[in-house]
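This document starts with one chain, in the form predicted alone, laid out as structure tokens.
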Amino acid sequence: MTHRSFFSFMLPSLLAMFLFIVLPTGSIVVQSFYTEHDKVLSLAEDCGPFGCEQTTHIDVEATENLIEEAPLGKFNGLGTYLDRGHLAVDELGTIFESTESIGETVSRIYNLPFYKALAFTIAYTFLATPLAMIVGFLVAMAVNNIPKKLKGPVIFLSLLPYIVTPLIGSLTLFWMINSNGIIGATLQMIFNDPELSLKASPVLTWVTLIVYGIWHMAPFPFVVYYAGLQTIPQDTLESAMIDGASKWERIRYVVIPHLFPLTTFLALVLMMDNFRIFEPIVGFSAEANATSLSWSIYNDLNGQVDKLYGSAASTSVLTVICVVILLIPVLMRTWRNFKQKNPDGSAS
């Protein structure tokens, strides 16, 4: 397929992406340079039996007029990006100048909201993604080798974690790990510790969320790998068996290389999906021990008094930048493989 034919097929998708992705993303970038207006204050004189005194009130009408005149807010440039709630440039400088050990530096940086959310988001992405792929691959290999009569029920049961919505699944597990739940009560009995709680410790909270993420996401790589296993040339497998290759050697030298393009695809999709972890944090009520970039955006937009659109927009832009940085190695490897297979530049 030539580049011209390829782009002709891609044109409708590119237009849809421009309308529904590029334009909204552009508006978010613009919003990130603005911050909310300050409340307009006015002085009023309150008089009582003991005299009069001046008090300060929020002028609601003047504030609304100000918002109506400039709905984006007041221009703040890169101020929101650099403040304590995001990159915290000044705070980082103070930390590096005043701390004497790496542990103290890491601890103080972790207390900054953006870096705390970024730390959990990265840890979750880099642990849940490969482990979910490994579990999915193992399940696919097992299902591929069981009798045909059992495949239907086993495939259905294997897909259940992915069918259940993340919020419902996390709520169910949240109740199970509660002190009165089956998992929580069992762990207390095993360790003979009635105070043991998976939700009280930051480390155990992280482990619980990551285990849930693996359980929830594993069916997707399972389906992809299972479909890929059906395309493996049987002649190649039989030749390997005739040559004396063991089962592990057939998996290592035939199955895994054949499934490598699917692995790259899964890594891209799962990394992007896991990087936006949000529902399990809400479902587990884990905000005290684990936050993510997506949760930070939600928290900015869910304020009881003011909705921080500028802060949410800045976090969104930083999240997109992080995702791009995360995907660059995978995309570069994919491009190198494409160039090796198509040295003349043809897409066919």
Partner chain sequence: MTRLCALATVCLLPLIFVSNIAAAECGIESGSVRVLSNDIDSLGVVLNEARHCASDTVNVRTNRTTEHKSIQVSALTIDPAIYSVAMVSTNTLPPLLSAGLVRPLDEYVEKYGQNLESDQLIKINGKTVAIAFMANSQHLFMRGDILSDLGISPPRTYQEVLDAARAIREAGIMQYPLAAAYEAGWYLGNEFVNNYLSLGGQFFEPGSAEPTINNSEGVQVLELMKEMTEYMPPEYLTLTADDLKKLYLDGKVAIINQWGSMVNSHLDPNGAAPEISRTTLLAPAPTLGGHDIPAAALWWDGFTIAKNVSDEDAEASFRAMMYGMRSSVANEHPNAATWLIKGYEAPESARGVLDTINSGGRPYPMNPFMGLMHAALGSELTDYMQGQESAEQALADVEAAYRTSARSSGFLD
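Residue numbers count along the first chain shown, from 1. Everything quoted here is computed from the prediction, not taken from an experiment. For the two forms, the rigid core is made up of the largest set of C-alpha atoms that agree within 1.5 Å on superposition.
One more form of this protein should be noted, the form predicted in complex with its partner chain, which is absent from this view; the next part is about it.
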Candidate site 103, 235 and 273: all three near its partner chain in the predicted complex by heavy atom within 4.5 Å
no
Partner-proximal stretch of 163-171, 241-249, 199-207, 143-151 relative to its partner chain in the predicted complex, 4.5 angstroms, heavy atom:
199-207
Which of these residues, 47, 70, 62, 321, gets a heavy atom within 4.5 Å of its partner chain in the predicted complex?
47
Looking at 99, 158, 179, 264, which has any heavy atom no more than 4.5 Å from its partner chain in the predicted complex?
179
Please tell me whether any heavy atom belonging to residue 111 falls inside 4.5 Å of a heavy atom of its partner chain, as the geometry stands in the predicted complex.
yes
Against its partner chain in the predicted complex, would residue 43 count as a contact residue? Criterion: heavy atoms within 4.5 Å.
yes
Looking at the partner-bound form in the predicted complex, is residue 27 within 4.5 Å of its partner chain by any heavy atom?
no
Residue 36 within 4.5 Å of its partner chain in the predicted complex, heavy atoms:
yes
Under the 4.5 Å heavy atom criterion, name the residues of 264-283 that approach its partner chain in the predicted complex, in sequence order.
none
Just checking, between the shown form and the other one and with the core aligned, does residue 82 shift 2 Å or more at the CA?
no
Is the shift of residue 72 between the shown form and the other one large enough to count as movement, that is, does its C-alpha move by 2 Å or more after the core is superposed?
yes
